[in-house]
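Read the single chain below, which is given as structure tokens and is the form predicted on its own.
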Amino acid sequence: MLRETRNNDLSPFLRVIEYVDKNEVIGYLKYSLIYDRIEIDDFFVTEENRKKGIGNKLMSYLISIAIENHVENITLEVRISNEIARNLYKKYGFHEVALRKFYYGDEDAILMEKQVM
């Protein structure tokens, strides 16, 4: 089951989509909806629940939110070594647009973007 939550105490823009199974959160996608764009802040599925389509469900739901809100684009940073995540993002139409050197301290990040509108 997917559910969306907000914590306006942290930020008026921050939202979280959670994937819940048997009252346990086994995946989530944290993002910021900032006027006409979305920034993905964190995306996670527990290791034992990977390769079950949960990441696809979370990403599909986020894109439907983007369309509903007339968002122009969605951006994110991903570790250069995280091929699995990069391939998922590419599947949903994200393109690599820039390299951010040492973004994760010891590792570079790739900035990816998806045009929505």
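Sequential numbering from 1, following the sequence displayed. Given the structure is predicted, the values throughout are model-derived calculations rather than measurements.
Absent from the display: the form predicted in complex with a small molecule. The rest refers to it.
Peer 1: Among 43, 50 and 84, does every residue place a heavy atom within 4.5 Å of the small molecule in the model of the complex?
Peer 2: Checked in the model of the complex: all three residues contact the small molecule.
Peer 1: Just give me the single entry in 75, 32, 56, 69 that has a non-hydrogen atom within 4.5 angstroms of the small molecule in the model of the complex.
Peer 2: If I apply the 4.5 Å criterion carefully, the residue I get is 56.
Peer 1: Could you confirm whether residue 88 comes within 4.5 Å of the small molecule in the model of the complex, counting heavy atoms only?
Peer 2: Residue 88: contacts the small molecule in the model of the complex.
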